[in-house]
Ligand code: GAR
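Here we start with a single chain on its own, the form predicted on its own, put down as structure tokens.
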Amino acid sequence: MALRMAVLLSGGGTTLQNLIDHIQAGDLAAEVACVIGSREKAFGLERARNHHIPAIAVIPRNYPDNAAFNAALWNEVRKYSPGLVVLAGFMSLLTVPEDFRHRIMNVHPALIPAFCGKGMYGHHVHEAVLAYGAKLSGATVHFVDEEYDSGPIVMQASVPVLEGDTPDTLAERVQAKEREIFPKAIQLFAEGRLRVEGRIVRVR
């Protein structure tokens, strides 16, 4: 039976499209049960509708505080009974309910614990890597907890930082790794092969 996923996003939905492509290719035993966007005009919602996937906007500014936003968001997620929640460029801070602990997965464009945390997203990450003079960067798939980029690590892959790199050229290589390892990590979850022991994720 395919793993039911809820995908949360805020932008164009390229990660969503990558997952859909892997599902259609038979590489990922999952289905996207719903897509929830934190911006009404997020193109990722349009991508979902183009694939006949329920697409819902839950907008943070429509709620008095983050707690009310999270309550509305999780109420929407639960309607679709997902086994896993996937963050695909979701830019709002989540509160992790107990029934979804170790059932929310994110990919970060660096090798956690380096270049992560609040404010470290998108090109900010690649700019920081280059400014620091790091020789390696990469992508990290991790479970989500109450802090930015601090949950247990599922999978990582590195890329070299090359002489003359710009944030754009580095991002291109990192994103290629993200597209490769995120579906693999989700497939391990779908197969029931991941076990979390404190900070350590064991692969059976």
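Please read these numbers as outputs of a predicted model, since none were measured by experiment. Numbers follow the displayed sequence, beginning with 1.
There is also a form predicted in complex with the named molecule; it is not shown, and the following applies to it.
Stretch-level contact check against the named molecule in the model of the complex with heavy atoms at 4.5 Å: of 30-38, 152-160, 174-182, 58-66, the positive one is 174-182. Annotated contacts: Ala6, Leu19 and Pro54 are all free of the named molecule in the model of the complex [non-hydrogen atom within 4.5 angstroms]. Proximity of Tyr121 to the named molecule in the model of the complex: non-hydrogen atoms within 4.5 Å are present.
Not displayed here, the named molecule is kept clear of Pro82 by more than 4.5 Å at the level of heavy atoms in the model of the complex. Contact check for Ile104: every heavy atom lies farther than 4.5 Å from the named molecule in the model of the complex. Among residues of the shown chain, Ala134 is not one whose heavy atoms approach the named molecule to within 4.5 Å in the model of the complex.
Among Ala128, Ala72, Met91, Ala114, the residue placing a heavy atom within 4.5 Å of the named molecule in the model of the complex is Met91.
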